[in-house]
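In the form predicted on its own, a lone chain appears below as structure tokens.
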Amino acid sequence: MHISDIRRLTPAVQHLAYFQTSGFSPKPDPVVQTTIRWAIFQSQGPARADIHQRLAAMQTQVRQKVAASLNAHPDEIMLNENATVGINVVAHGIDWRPGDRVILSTHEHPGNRVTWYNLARRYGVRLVFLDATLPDADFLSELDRALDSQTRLVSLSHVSRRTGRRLPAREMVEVAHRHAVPVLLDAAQAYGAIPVDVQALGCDFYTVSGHKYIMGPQGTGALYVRRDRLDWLKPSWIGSHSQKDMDDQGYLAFQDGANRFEFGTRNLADQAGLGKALDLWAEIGWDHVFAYLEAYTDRLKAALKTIPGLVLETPLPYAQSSGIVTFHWPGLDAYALTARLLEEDGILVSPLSPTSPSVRVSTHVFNTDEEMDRLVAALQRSRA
């Protein structure tokens, strides 16, 4: 398996310049076929013990693959549907009191906002927002000043969905831990795009999606819960399979690991697809993937900077950024531009939000230099 095989195996990118992986990825055929094969297998008799046992064994293997990709232990991994599920597991696993504080940033995805907005309304939790445009040193100083005895959690993105900026995650964790405050990192835009080592980061919780840079099926993701936080985090949404032991008189013992947060009937075929996607990246080698993304994204930023009037919002040094490149033109409507690029040039990029003039381009290993040239030429024509 080589990087070039990803493009060959992904039909959706053959006739479309697909620069939207940070939203939803196209899926390689082996991922799709694996998902279908397991769905067919399960449908042969999901109540049969032999089929159930093979599904359970597959799920264990997927958990191990996710753990290996994060440098975590399998017992620290909850398999779920997306990064937002992980945020909710953490958010509803804390006993909140009026006046408790949560620290966020101004660049959080709605998944890391709406959850906290709801808790603020229900429990009187106060939300503190750090300016995500500050340089790293100033951002860390602001974080340090914001932490106090009522701060219960820091919940920040590892990579900004708006600019692709890579926040100083390890340093953020160190600052928060000096105040004895746990840290949740939203890694929806980091997982598969930049190297991740949760042990090196030292974070308490790390939540990921499988449908972006990993190119796994929609409805796949995971939450890392550091082992010493398992009992600290209270299970709120639970059910059958959350328990290790129980009786009919009220006794309940949770599963030993983060699988205590999993419950009920789940779509295991999708998880098989996630496992297959992780197999592809492991075979190619994560180092090759990250090196390709860095070189390609650097070339794209250099090309965009040659376009008169275009304002690049993403940090130039790749050590401070990722596969997301965001830009805007003063006075140019982002929605009209992205619609024109798709209709006239077969280029898929994304407007950042209804209230923002910014356009987001996200790169992956299936993107080519020809597609980059096409994008730059189309942008130049749009301002001619």
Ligand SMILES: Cc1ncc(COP(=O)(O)O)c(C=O)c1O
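What you see is a predicted model; the values in this text were computed from it and never measured. Numbers follow the displayed sequence, beginning with 1.
Not on display, but discussed next: the form predicted in complex with the ligand.
- By the criterion of a heavy atom within 4.5 Å, Ala188 is counted among the residues contacting the ligand in the predicted bound form.
- When the ligand is considered in the predicted bound form, Ser157 lines it closely, a heavy atom lying within 4.5 Å.
- Using a 4.5 angstroms limit between non-hydrogen atoms, Met215 is distant from the ligand in the predicted bound form.
- Contact check for Ala193: every heavy atom lies farther than 4.5 Å from the ligand in the predicted bound form.
- Put simply, of Arg101, His73, His109, Arg266 only one has a heavy atom within 4.5 Å of the ligand in the predicted bound form, and it is His109.
- The partner is absent here, but in the predicted bound form a heavy atom of Thr84, alone among Gln243, Asn259, Thr151, Thr84, sits within 4.5 Å of the ligand.
- Heavy atoms within 4.5 Å of the ligand in the predicted bound form belong, among the stretches 141 to 149, 243 to 251, 175 to 183, 205 to 213, to residues of 205 to 213.
- Annotation for 12 to 38: the only interface residue with the ligand in the predicted bound form is Ser22 [heavy atom within 4.5 Å].
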